[in-house]
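Just the one chain here, laid out as structure tokens, in the form predicted alone.
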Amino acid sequence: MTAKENRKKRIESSMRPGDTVLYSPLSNLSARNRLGRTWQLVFLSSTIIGILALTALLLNILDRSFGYVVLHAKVDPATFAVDGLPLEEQTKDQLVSLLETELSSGAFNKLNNEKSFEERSRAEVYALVIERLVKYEVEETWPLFESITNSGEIKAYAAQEYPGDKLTFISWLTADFISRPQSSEAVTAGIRTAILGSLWTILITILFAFPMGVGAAIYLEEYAADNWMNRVIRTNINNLAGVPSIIYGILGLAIFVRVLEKLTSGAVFGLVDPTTANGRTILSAGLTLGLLVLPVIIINAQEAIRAVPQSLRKASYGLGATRWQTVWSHVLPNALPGILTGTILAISRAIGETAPLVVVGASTAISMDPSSPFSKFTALPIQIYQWTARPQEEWRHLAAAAIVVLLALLLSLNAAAIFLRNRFARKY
């Protein structure tokens, strides 16, 4: 029997009925320390696993954004040289003249009607020449890691299997890729139309969801009585935050695309023919995403308003301020960092949504930039989904490059959330 057990037995033998033994907190200190170190190791392992998973995801995306590619030109670019100048060195006017000469009048006029050549940049016209005249085709591609480690073997393989074709190391993520519109050819495809569609959609989402969400939070926290009806409203808002996004897409299709078609298509303002009105526009998409993030904004705003100390409200009332003056001058300024942070994080979720946009009617192939809330549109998530669904490997490289752009937009929004939180933060 150990000394500890002997001591415990002596104590118990000397006890009288009704006595209680009080053990020292130090008696099991080593066991508690071991338990604490075990949980610390579990938490550290969880963090490391999360970092490794995120790193693997980013490396996989970057691996597909660069690499060797074999390009086959259906028409030799040298045949389009003008006065000894290759296509790369020709001016915009020379490239437009080349298109007018080589294309049929109908095809040239269609391009001009979509967007006049005077409004197009040289890069856009050059992309049209490559797409419509040279017609580069991607024969085979290699990811970045393989291109670096097996460069010699890839060059030998390409020279043997694709004689006369062009083997080049390219970055699928370039400034031209961001500035070019969609195209049916991978070499000339871009995401400008998708980026503009996403920005238009998110702008409408913010304009719709932010004031409504903050207003609802102010009412529920500062004005609403604690009765059964308001408790039901709060419960339903919490439940709506967990509804799958596809349900909001169906709701948007029923309300904004069909019931409010005259409004969302612009027909009520005389912008389109009422007989051909179509509600599958940016406005419908933005309002649908607004409904999606509205419960999240309301909940975050409620928590931020609830965190404002009651002493500020009582001090304001003590000086004779009305409830609205107290909310406007004291509650909102102090709750603003939390409200803005929650709103931007909700918008970050909206910018990556795909299912609601598919249901509402986002286009999968469109080359016209959106010019108003009533324009047809596509978005970056839709573009990425469409490219990854294609069987050709080159489209997956383009999808990886588009994912990098989408991640950059999301990180920018998160950085803005941190900046706003620190900018408007107040210490009590």
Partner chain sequence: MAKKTANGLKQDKDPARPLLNLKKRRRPGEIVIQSLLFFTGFFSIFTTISIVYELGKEAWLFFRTPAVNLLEFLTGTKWQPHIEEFGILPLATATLVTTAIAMAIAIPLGLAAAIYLSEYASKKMRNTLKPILEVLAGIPTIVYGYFALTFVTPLLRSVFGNDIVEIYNTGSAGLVMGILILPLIASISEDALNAVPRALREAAYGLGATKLEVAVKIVLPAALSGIAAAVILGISRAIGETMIVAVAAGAGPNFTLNPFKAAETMTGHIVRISGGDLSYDSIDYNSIFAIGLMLFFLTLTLNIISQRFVRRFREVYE
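Numbering follows the first chain given and starts at 1. The term rigid core refers to the most C-alpha atoms you can superpose between the two forms while keeping them within 1.5 Å. Computed from a predicted structure; not experimentally measured.
Only in words, not in the display: the form predicted in complex with its partner chain, which the text now covers.
- With the partner omitted here, the residue from Ile178, Ile130, Met212, Leu144 that has a non-hydrogen atom within 4.5 angstroms of its partner chain in the model of the complex is Met212.
- Interface residue among Ile148, Leu99, Ala355, Leu203 relative to its partner chain in the model of the complex, by the heavy atom within 4.5 Å criterion: Ala355.
- Against its partner chain in the model of the complex, the set Leu95, Val405 and Ala417 makes no contact: no member has a heavy atom within 4.5 Å.
- A residue is said to contact a partner when one of its heavy atoms sits within 4.5 Å of a partner heavy atom; Ser375 fails this definition for its partner chain in the model of the complex, lying far away.
- When its partner chain is considered in the model of the complex, Arg280 lines it closely, a heavy atom lying within 4.5 Å.
- Under a 4.5 angstroms non-hydrogen atom cutoff, its partner chain in the model of the complex has Tyr219 among its neighbouring residues.
- Its partner chain is not shown here, and in the model of the complex it never comes within 4.5 Å of any heavy atom of Ser371.
- With its partner chain left out of view, the stretch that reaches within 4.5 Å of it through heavy atoms in the model of the complex is, among 242-250, 158-166, 85-93, 100-108, 242-250.
- Residues Ile49, Gly50, Ile51, Ala53, Leu54, Ala56, Leu57, Asn60, Ile61, Arg64 of 48-66 are found to place at least one heavy atom within 4.5 Å of its partner chain in the model of the complex.
- A movement of the C-alpha atom of Ile51 reaching 2 angstroms or beyond is seen between the shown form and the other one when the two forms are aligned on their rigid core.
- The two forms, fitted on the rigid core, differ between the shown form and the other one by less than 2 Å at the CA of Arg390.
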